[in-house]
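Listed next as structure tokens is one chain, alone, in the form predicted on its own.
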């Protein structure tokens, strides 16, 4: 046996997984509440005690950890044009596991700087201008950021001709500045990986210390990445495979949490018909979006705002008065569990609409336009209609007895413009292993792939309650 321990310091639960890489199998999993408000070691110790009760004492060859505790990595993204470099900055941030709390474009104002001061970001990604293009805007924005109180680091990833000047401005004001390649060196061409690597490096060097997670470094070999980045690593490995083993192909995943809903696609998403033209920025093969206002508890009000109260009433089958009363109870107590039939019905509706909203915001759209040559279709974003496998995770989706029903209802969108999956097989991360396998992939890629393939690669549903 070659046991390895993976640890996910989540915002609500600390999840631990014991893996035997020699036989490529999960030995056992356990979890306990994350004790971010006091000492993270308390929640970790409780989770490890539960795990040892299942496995006995193990001599772990490695202890690998990721974290989204204490709110994760809060980022502000700044670009030149919202549809181009600002969007590219968001892709870079999301792909590195960050939560983008605000995006700014064009020349920032004093009011923008004051807003950023109130938002208290962990990190700022400053982009703008293609290489050899506009350099005035990114330089102006660097001057605004230099005046914002706080020592948050700034990653400069815009027009290379302006990078040194921007870094000098920021460093003169006491801001740590990291220079990397332009996220959009030429028009509509993304180059987000270098910025993502810097974001993850800053996360490891600074954010862990700032959030007190360094106290756990004696217990683990290192907190390697934010939890969403670990999930992305696992999904990419599952889709693409290894040099020796073929992956299962393009896929999607949805993670419904109490505060946010994350959607992932590992897919090219190019137009599927010759009469369809791709318009705007070509999106990355590995894409993550975060709906920071959509969730089951802290984000319940966001679900209602996005979908509308009448739709929540319709999907839940409850009266408007009952829905409003339950929403108020959730607002007062975010730890409320669905222990009554009415709350179960509301949770069903919230899950359906959180998933639907997240998918609609993630997927591309199709619009018919007329040209001198006749009617054609214009695609913006990714075409995900062909996706054959959609993985769901998060407590609500894992423990619900109605997971398949939730997903069927969420995908039942009567909008031909929405390029959503048509008939995907729904797979459930019922052992909470995605983040764990993303961590393991950096230690033993082959073992991680085989475990993922065993869980998600079969032509059967791993649905809760089935």
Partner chain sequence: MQNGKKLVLGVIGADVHAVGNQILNHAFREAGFDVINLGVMVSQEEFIDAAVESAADAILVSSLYGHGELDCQGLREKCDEAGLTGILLYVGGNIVVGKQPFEEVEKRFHNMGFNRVFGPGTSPETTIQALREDLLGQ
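Quick caveat: nothing in here was measured; it's all calculated off a predicted structure. Numbering follows the first chain given and starts at 1.
There is also a form predicted together with its partner chain; it is not shown, and the following applies to it.
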| property | result |
| --- | --- |
| Contact residue in the predicted bound form, chosen from 189, 83, 309, 111 - any heavy atom within 4.5 Å of its partner chain | 83 |
| Position in contact with its partner chain when the complex is considered in the predicted bound form, options 174, 149, 132, 317, heavy atoms within 4.5 Å | 132 |
| Contact of residue 376 with its partner chain in the predicted bound form (heavy atom, 4.5 Å) | yes |
| Residue 273, heavy atom within 4.5 angstroms of its partner chain in the predicted bound form | no |
| In the predicted bound form, residue 249 touching its partner chain (heavy atom, 4.5 Å) | no |
| is_contact(residue 277, its partner chain) in the predicted bound form, heavy atom dist at most 4.5 Å | yes |
| Partner-facing stretch of 224-232, 368-376, 335-343, 353-361, counted where any non-hydrogen atom is within 4.5 angstroms of its partner chain in the predicted bound form | 368-376 |
